[in-house]
Structure formats: structure tokens, C-alpha cells
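Coming up are structure 1 and structure 2: the same protein chain in two forms, each one given alone as C-alpha cells.
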Structure 1
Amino acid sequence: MTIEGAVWKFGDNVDTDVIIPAPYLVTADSEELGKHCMEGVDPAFSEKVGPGDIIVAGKNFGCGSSREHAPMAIKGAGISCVVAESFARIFYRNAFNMGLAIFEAPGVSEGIRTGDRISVNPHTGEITDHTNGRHFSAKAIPPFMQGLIKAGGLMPYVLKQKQEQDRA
């Protein structure tokens, strides 16, 4: 399965307070959180983003506090995946736990612009910018972590595994 969408580009050190500002942490409803996604950088972001769009960012995306709400807000806004030079480690883990596909790709922030249309192959890590014809390589997502994304996150994955064990 290839992920394809329009790009929304952000810079380095995008922290979780920018992804989902603290006043909205009173809910765990991803759709509600999505209405305020990236509000700290672009107050109109959630109104402009379309289903399946992709965030491309620089280094250390998701730094700051360890709130699970950040990947929930990104998913709730309709973003299909995030491609960045690097991720803060706690965001990296939270993203997979919440079922958000993320890809580390050196050089990606230099070559892709907001509005470009890109595709990402999660199995190979190949990223193609269909707007300018450039190609980038991300670390492929290991099969186990692809399973987390497919299930919608860690908890749905564990519940599915338990149900399968109970049937056996």
C-alpha cells in the first residue's frame, strides 16, 4: 500500500505544544483534537488540510512533552503520515502507539515544498515527489510496526492479538 497526498511543510523542532496546544488536552477525541492541530504555527491549518495529506518536516519533529495527543491530533486532522528528517524519540513511540505512520528521511525537508504531491512506500521507504520528480529514501517501517499502524495503534493491535488467541 502506497501513501499519497499533498504536502504541508514545517521546519525543525516542531514541538508538541505547537502540534496540539495545551488548552485542548482536556479531550482524547482525535477528531476534536484534529480541529486544533498545528494551531500554534498555523491557526487555519485544520481548515486547509485535506484527508490523506502529508506533513513533511525538518529535524526533531515532535519534541517537547510526551503527550499522546500530538499524534492523535495529526490523525484527527486527516493527515495520513509524517515524513521528517528526524523525530523526537517519545513522539516516535507515541506515533506508532496511536497508529500514525511516520518516516525518517534525510534530506527530505530540503527537497519538498508545501503543495507538492508525494507518495511514500512504507515497505521500501521510497518517497517520490510527483511535483518535481525527486526521490528520497526513508527507513522502511518494520513489519511489526506496520501491524501497529494497520490495527490503528498499540491497543487495537493487542486486543486483536488477544481475540485471535482466544479463538485458537
Structure 2
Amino acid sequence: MTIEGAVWKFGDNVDTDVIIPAPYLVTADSEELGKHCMEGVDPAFSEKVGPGDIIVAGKNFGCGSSREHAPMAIKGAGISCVVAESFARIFYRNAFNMGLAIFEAPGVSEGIRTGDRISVNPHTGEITDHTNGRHFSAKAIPPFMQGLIKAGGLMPYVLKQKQEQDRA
């Protein structure tokens, strides 16, 4: 199913401290975290963002801490997916582990602007900016990560494996 939404555009090196500042790391409630999403760069972000909106960013999105509160806050704010030039490693892993859709796509930083309406096809990786008519291509998701998504995240994946091992 294609993901479609309005774009909120950010720059390079968006770190986990601005995605969800540390004072809010005393809860695991994604709705509450969502109210403070991106507060470090744009304090009014959670009021402006609409359900299904898409974050587009530059390189190294999610750098810094290992806090899963960062992808949780993004999900909690109603964001449907994040498209970036590249992702920091721990954020990338966390996003798949907890089921936040993310796509690495070269050129999006320069080619897409805040307010554009874009669609992302998770299967083909095709990204279309309906506002300016440009197309981009997301890198293929590695098969193992696809398996995680299919299982519904890391925990269901691991538990299923453990069950099979225990049976054998």
C-alpha cells in the first residue's frame, strides 16, 4: 500500500536530542512523546503536523543517542514514514525493530520541500513528489529487515524463533 502525505522538511544531522529532548525521557507513552516531537528544532511542530504527514531530511538522520523514544515520538506525532538521504545506525535499527517505516533515498533533501505532497511505494521504493512532479528511488530494504517487518518487529520475530527452537 502506498504511503501518501504532506512533507515536513529538515536538514542534515537531525539528532535524537532534538527529535525528543531528554527531559521527556521519563515515559514510554508514544502519544505523550509525540507532543514533544522535534521540539528541539521546531517547538510548534506537534501542533502543526497532521496525521500521515511525512518527514523528509538530509543525511545522518537520528544521530546521537540510542533512545527508542525518538522513533516512538515520531510515530506518536502521527508521522507515517521518514525519508532521508541517510540514517544513523542505531536509529535505523530501532526504527525497524519497532515498526517505524523509513526509507533511504538519495536526492530527496534537495528535491523535496516542506508542504509538498509525496507518495512512497514501500515495495518498489518509488517516491513521487506530486507538487513538483519529481521522482526519487529509495534503496532496497535488506531481506533480513523485510523479514522483521513481515513478522511485526523484532520481538514477535525473536519469540517465534524461540518457540521453533524449543519445539525442536
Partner chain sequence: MPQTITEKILATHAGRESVAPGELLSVRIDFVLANDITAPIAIDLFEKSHISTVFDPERIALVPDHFVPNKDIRSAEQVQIMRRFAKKYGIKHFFELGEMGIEHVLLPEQGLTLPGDVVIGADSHTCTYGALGAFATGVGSTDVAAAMITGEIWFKVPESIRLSYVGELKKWVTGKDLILHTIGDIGVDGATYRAMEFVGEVIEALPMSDRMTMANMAIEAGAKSGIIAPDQVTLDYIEQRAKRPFECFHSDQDAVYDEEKSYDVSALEPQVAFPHLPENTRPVSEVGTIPIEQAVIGSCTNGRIEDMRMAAQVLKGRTVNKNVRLIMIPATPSIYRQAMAEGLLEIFLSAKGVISPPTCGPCLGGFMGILGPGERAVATTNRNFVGRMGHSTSEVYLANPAVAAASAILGRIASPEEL
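Residues that one form lacks are left out of the comparison. Counting starts at 1 and follows the sequence of structure 1. If you superpose the two forms and keep the largest set of C-alpha atoms that fall within 1.5 Å, you have the rigid core. On a predicted model such as this, the values are computed, not experimentally measured, just so you know.
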Open item on the list: The form predicted alone: is that structure 1, or is it structure 2?
Closed with: 1
Open item on the list: Rigid core superposed, CA of Leu25 - does it shift 2 Å or more between structures 1 and 2?
Closed with: no
Open item on the list: Using the rigid core as the reference frame, would you say Ile127 shifts its C-alpha by 2 Å or more between structures 1 and 2?
Closed with: no
- [ ] Tell me how far the smaller rigid part swings relative to the bigger one between structures 1 and 2, in degrees.
- [x] 33
Open item on the list: Give the rigid core superposed Cα shift of Val158 between structures 1 and 2, in Å, rounded to one decimal.
Closed with: 5.3
TODO: Would you please work out which stretches of at least three consecutive shared residues show Cα displacements of 2 Å or more throughout between structures 1 and 2, after fitting on the rigid core?
DONE: 140-168
